[in-house]
Every structure is written in structure tokens, then in C-alpha cells.
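As a starting point, one isolated chain is supplied in C-alpha cells, in the form predicted alone.
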């Protein structure tokens, strides 16, 4: 079995798949979500007045590696100036646009949940919601807790995975009429229950009759409210946002909430990936190196290079 199966279509998985596919290797990506990108996500809400879009995951990218900057440019990312901060890049027409561009032409199966993984008869047998598939190599690019759940506590990766700490984040997506206050483009205040607030309307390529905001809760607030339903979360967060914006919450045209259970890396692994000795199993993600999308990209790139270098040596 020569095919490689990558589980997870976030930045790490798509980066790794693209590198392997470009080298001529057969690779397929499986993901339980509806769209590629993971936390490079854009939520679309249909309203009577028109469609609204919210970047409810990563709000922007700040490339430091020149190669990553070039990849973003080729994917259509554009600068998002915010006062003196000129280093931010965003996908167009939404953050998911970057992931979609990187995944173009790849064999990706969305809404396919992986439920089991076992090595048998010289191949990996991957149990999915669509049936069982086989592969010579499997790369896990899902959050570290999900890797642990899939492999089990007796797997050799377990001790390393146990060192990784990931924290949740609750996100509010809200829209107000065009004449509502717009006191800032973005605001960061770790001491406030809404630690990050961004006016998505100000990003390039965004258009609409409403002012759209995305608010991401602090780690403390997210932990306290994590098990509440989306409607209850939105009901808790909307008044907090309205207070900061100095607007009547009743003027909100819509308010939606999303739970990211493994949103941010609290304590990273400290190396770009985990690898079985025979190179048939890898695990990686932003949780290996840090909280940024560029960390996820670096992990995916490093896995692909290790595989290609190993195949060349063999």
C-alpha cells in the first residue's frame, strides 16, 4: 500500500498533502468537518438583507517565514492594516480562502469521521464513517487530545502527547446595522471576558450592508461556559460585546456562537512532529510548535520533508 492518508484538513494537513502530492506521492485527506481549513474558518449566515460572513477562527495571519509569506501571497491573502500594525494578512473573501487555495486539486474527503486506526497485515486500516480504507502511511494532523483518543493510552506517542496543553475558545459572531458604532478595527484585552474583538467589515474583500464583529472569549470565560449550548453562549456574550461597542444589544441583526474545544496551544510539544520508527505513522499540528497558523504550516512542511527525505534515502 503506497497511499498516504492524512487525517485532518487544517493548515498542517493541507500543507503536508500539498507537498507530498507535488512530489508525485498518492495522498488522500480525510476530515470530519464540512470544509477544509480547520480553524482557518469562515462562517456564512444568510439574512433577508443579504449574506454575512465571519472569520470565526484565526482572525488573521502574521507571516515571519519568507516562504510562508510567499505561499499566502499565491493563495490570494491581502494586508489588513490596523493602525500602526501593518503585518497582518487575511484570506479573501474570508480566512478560509487561504486553505481553499492550498487544497485546490487535492483528494479531500470532508464529512468523513475517522473512528478507529489499527495496523494489520502490513497496512493501516482506517475505520471511517464512510467505511474502512487502507493505507501504507497515516498522518494525524488533528488536535493532540484527539490523537490521544484515537491511538489510546498504551501507544508510544502517549507520553509525548500528554505534555501538550490545549485550551478552549468561545467565539461570538454578531452583526449590527450599518449606522451602528464602529469604535475600533480590533481590540485585544486579555483581562476582559472578550479578550479579542475584531470588526470583520474592515477586512479587504468584505462587503455587506451590516457591520460584522467577531469576539473571542478569554480562556477563563471559555472554560466556564464551554458546556453551555450555542444559543446560551451567544446570549452571554452578546451583551458583553454590546457594552464594549456602546450599542443596544437589541439592535443586533444576528448573533451566533461557536465552540472551539481545542482552539489554542497552551503548552506545545516542542518539536515539529511525532514519528513512528518505521515512518508509517506521524502526528503533527500547531500543538507541536505554538499557537499560530504558521506553526501549523511549519509542522506540515516538516512532516512532508521527513517523509520525502526518508523515501529518498531508502
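Only a predicted model underlies this, so the values are computations on that prediction, with no experimental measurement involved. Positions refer to the first chain, counted from 1.
The discussion below concerns the form predicted together with a small molecule, not included here.
The small molecule contact in the predicted bound form: residue 33, any heavy atom under 4.5 Å:
Contact with the small molecule, yes.
With a 4.5 Å heavy atom cut-off, would you call residue 98 a contact of the small molecule in the predicted bound form?
Outside the cut-off, so no.
Using the partner position in the predicted bound form, report whether residue 5 sits within 4.5 Å of the small molecule, counting heavy atoms only.
Residue 5 lies outside the contact set for the small molecule.
Give a yes/no on whether residue 59 approaches the small molecule to within 4.5 Å in the predicted bound form, heavy atoms considered.
Result yes; residue 59 sits at the interface with the small molecule in the predicted bound form.
Report whether all of 53, 91 and 180 sit within 4.5 Å of the small molecule in the predicted bound form, measuring from non-hydrogen atoms.
Result no, not one residue of the spot touches the small molecule.
Partner-facing stretch of 269-277, 45-53, 245-253, 284-292, counted where any non-hydrogen atom is within 4.5 angstroms of the small molecule in the predicted bound form
Going through the listed ranges, the match is 284-292.
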